[in-house]
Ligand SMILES: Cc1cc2nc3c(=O)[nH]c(=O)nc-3n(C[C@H](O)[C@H](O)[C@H](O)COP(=O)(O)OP(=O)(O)OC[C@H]3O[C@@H](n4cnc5c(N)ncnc54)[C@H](O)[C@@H]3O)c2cc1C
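Below you will find one chain, with nothing else, as structure tokens; this is the form predicted alone, and questions on how it binds or moves follow later.
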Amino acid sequence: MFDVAIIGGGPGGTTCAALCAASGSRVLLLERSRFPREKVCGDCLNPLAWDALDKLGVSGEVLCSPHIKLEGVRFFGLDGDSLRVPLPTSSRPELGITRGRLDAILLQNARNKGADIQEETTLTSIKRHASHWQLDSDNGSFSARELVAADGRNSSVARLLGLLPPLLANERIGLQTHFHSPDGLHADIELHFLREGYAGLAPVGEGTANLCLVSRSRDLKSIKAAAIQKYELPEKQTWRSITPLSRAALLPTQESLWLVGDAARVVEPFTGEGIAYAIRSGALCAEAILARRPERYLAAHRDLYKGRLWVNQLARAACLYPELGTGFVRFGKVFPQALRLLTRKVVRS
């Protein structure tokens, strides 16, 4: 019998696992992949995550791994007009770092703190008993008093429990790949508003760039072909994909069930905040589990996103309507101070 079972070995799950295990709880973490592995992600670590990384004791290890300290964001409108906004300078900066590197650090940290990590294990069914959860997988059955869903926007836990909301009509798809950094990228993120959607390009260290494309399914072939031509990528380039990019939020805790990261609330990838939200929510979840105070997690989770969702809505609108994003670029060139203020609110410590 485990005290806590966590499904998903991403930043939210491993953060929760490490903190619970460090406090003496018997923790099980089930992960369907074998690490290291990459994920569809912009590979940007927002400064919002640093306090939790300090608490985990991995900040130094993260900074010693290959990464780029990001210095600015370049926005490109439909007409090719561009605008650069410098990111706030800090000793706790925004980083470009691959999920393969970051997630491996966090998973090993959870293992070092005593969590039982079961990789290449897929959850197949869940049964709720009076005092515990029964979890069946392709690698055996397990029991736990508390269950944490940290398995992303398409959460298997939420699906098996009938909690996943229906997909929105005409939902967008995200594509992601890594390739050799193009000349001139340096330490800036590039965000391109396109007729088909948008493209995000970020350096992630060791001469590598992360490229993300987002569009509706009808435009996916077109936006991918344009990217292949622009960046001179081979036709057999490896791409990863994910959908949906928008989804209704779920209640973050109820009856010994806890949801962290994208399993609870999906944020627009354009903002670059997803990893930080996963880490922060994983830490808040662990605190509430250890204190046996679910109401504390409800309040803390609400406060984590409070005052931030307008940024998410603004980013989504700019991506859905590229003319709006282009107008944003033009506005920023006329009123640069307003855009710098917005950037500081998005990239906060």
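Being a predicted model, the structure only gives us computed values, none of them experimental. Counting begins at 1, following the sequence as shown.
Below, we turn to the form predicted together with this ligand, even though it does not appear here.
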| property | result |
| --- | --- |
| One residue of 204, 214, 110, 87 in contact with this ligand, assessed in the model of the complex (non-hydrogen atom, 4.5 angstroms) | 214 |
| Sole residue of 252, 197, 93, 152 within 4.5 Å of this ligand in the model of the complex, by heavy atom | 152 |
| Proximity of residue 99 to this ligand in the model of the complex, heavy atoms at 4.5 Å | yes |
| Distance check, residue 30 to this ligand in the model of the complex, heavy atom within 4.5 Å | yes |
| This ligand contact at residue 39 in the model of the complex, heavy atom, 4.5 Å | yes |
| Partner proximity in the model of the complex: residue 77 to this ligand, non-hydrogen atom cutoff 4.5 Å | no |
| Candidate stretches 139 to 147, 117 to 125, 218 to 226, 79 to 87, one within 4.5 Å of this ligand in the model of the complex by heavy atom | 117 to 125 |
| Stretch 1 to 15 - residues with a heavy atom within 4.5 Å of this ligand in the model of the complex | 7, 8, 9, 10, 11, 12, 13 |
